[in-house]
Each structure stands twice: as C-alpha cells, then as structure tokens.
Ligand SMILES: NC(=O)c1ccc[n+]([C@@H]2O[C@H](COP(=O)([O-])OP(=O)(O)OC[C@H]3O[C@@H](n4cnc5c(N)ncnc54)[C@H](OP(=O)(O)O)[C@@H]3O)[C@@H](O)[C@H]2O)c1
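Shown next as structure tokens: one chain only, the form predicted alone.
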Amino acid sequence: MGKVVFNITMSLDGFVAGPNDGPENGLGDGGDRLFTWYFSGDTEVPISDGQMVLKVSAQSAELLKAAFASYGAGVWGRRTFDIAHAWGGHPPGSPAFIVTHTVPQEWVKEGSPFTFVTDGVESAIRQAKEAAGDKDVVIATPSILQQALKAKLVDEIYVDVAPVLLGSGVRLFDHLETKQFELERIHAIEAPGVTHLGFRVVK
C-alpha cells in the first residue's frame, strides 16, 4: 500500500496563491511568481499526460520525476478543479478524485479521468488509495490537506518554497485550529529558484 503525500509550491510567507484567485485568475494577483522555477531551467519534465512540459533545474527535475512516477492517484477539492478548468481533462495525477458537493455532469462520462466524491475527504482518500494500489496518493489542495491532516490521513508533506513574499492570498495552513502536529524532516534541498522541503508526519 502506498502513502498519502502532499505536494505544493508555497511562498516564504506561507501562501500558495495570491489574493483574488479564481477561474479567471488562477494563481491570484502575483501568484504566478511562485512558479518562476517551473520554467527557468534547462531540464524538461512532462506532466499532465505530456500536455505541459516544465523546464526546471537538474536538481528539481530529479525530485519531480521521482515524485510523479510514484503517484498512482490524486485528490483535489472542487474549487481547485474549477480554477484549473479541469486541467483540460489531463489532471497532474490520474485517476483524479474530486471532493465536491455538486457533480459537474459534463465530466461524468466513459473515459473521464475524474471521480467525483460527495461524501467527504476520508471517502475520497480511501477510494484513491484503492485505485493507486502500491503507488502513492497525492494531495495538492490546501483545504484537502487541512482536512486530511486533522483526520490523520497524511503520511508525508512536500513543500517547494519559492523565494517570494506575497503578503496575502490563500494560506497553506489556515484552518488547523488548535491541533498540533509533529514532523520529521526527510530532506531540505536547495535548487535554483526554489528550496525543496520534505517532512514525514509523526503519528
């Protein structure tokens, strides 16, 4: 059985998107600065079924390729799904399980990479783990991470820290309330334009 892992890029002050994010302004105001490192290197890393090709440093490419190879399924929230415009039908982790209250019927069809889960995060992660088999389930949505952490379902957290300060926007760890979590460091790797941090969640 694989692990449940989280992976996202974050500003130094803890934001994963700028203010005013939405379907027409995906990363919010100034949020595109988080991903400068995605396109400033010389090593190609295809993602989303090859629909997008990142160009990162050799150090970052090694980590990204290993991570994407380990993913067997992904879990996202409906808001991220909408902001990403369903990734054009090519999510960066497939099959993709989308936690939602309402199902977008246009994506309920044969061959769809999406499964819509209306009974919560725990159900979505359980279904994703069954689909992933021995591979990992990746989470890449702040709200899903927060809910999964509180439910003690997250095994590892990977945060790519971009050297920018956004000042406001969508915080990564915003709704953990008074719960406290212990982490063990897996790695801290400096690469051009980004620092890759990895932690194991102590349970």
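Please read these numbers as outputs of a predicted model, since none were measured by experiment. For every residue, the number given is its place in the sequence shown, counted from 1.
Another form, the form predicted together with this ligand, is not on view; read the next lines as being about it.
Novice: Would you kindly say which of Leu149, Ile157, Val164, Leu27 lies with a heavy atom within 4.5 Å of this ligand in the predicted bound form?
Specialist: Contact residue from the list: Leu27.
Novice: Heavy atom within 4.5 Å of this ligand in the predicted bound form: which of Thr100, Thr115, Gln127, Ser94 fits that? Just give me the one.
Specialist: Contact check passes for Thr100.
Novice: Among Thr36, Gln59 and Pro192, does every residue place a heavy atom within 4.5 Å of this ligand in the predicted bound form?
Specialist: Heavy-atom distance to this ligand in the predicted bound form: none of the three under 4.5 Å.
Novice: Partner absent here, but in the predicted bound form, which of 61-69, 135-143, 42-50, 149-157 has residues with a heavy atom within 4.5 Å of this ligand?
Specialist: Only one stretch passes the 4.5 Å heavy-atom test: 135-143.
Novice: Going by a heavy atom distance of 4.5 Å, is Gly120 a contact of this ligand in the predicted bound form?
Specialist: Looking in the predicted bound form, residue contacts with this ligand include Gly120, since a heavy atom lies within 4.5 Å.
Novice: Quick check on Ala131: any heavy atom within 4.5 Å of this ligand in the predicted bound form?
Specialist: No, Ala131 stays farther than 4.5 Å from this ligand in the predicted bound form.
Novice: Please tell me whether any heavy atom belonging to Ile8 falls inside 4.5 Å of a heavy atom of this ligand, as the geometry stands in the predicted bound form.
Specialist: Taking the distances in the predicted bound form, the answer for Ile8 is yes, it comes within 4.5 Å of this ligand.
Novice: Even though the partner isn't displayed, in the predicted bound form is Ile83 close enough to this ligand, meaning a heavy atom within 4.5 Å?
Specialist: Contact check for Ile83: yes, within 4.5 Å of this ligand in the predicted bound form.
Novice: Can you name the residues of 66-98 that have a heavy atom within 4.5 Å of this ligand in the predicted bound form?
Specialist: The stretch touches the partner through Gly77, Arg78, Arg79, Thr80, Ile83.
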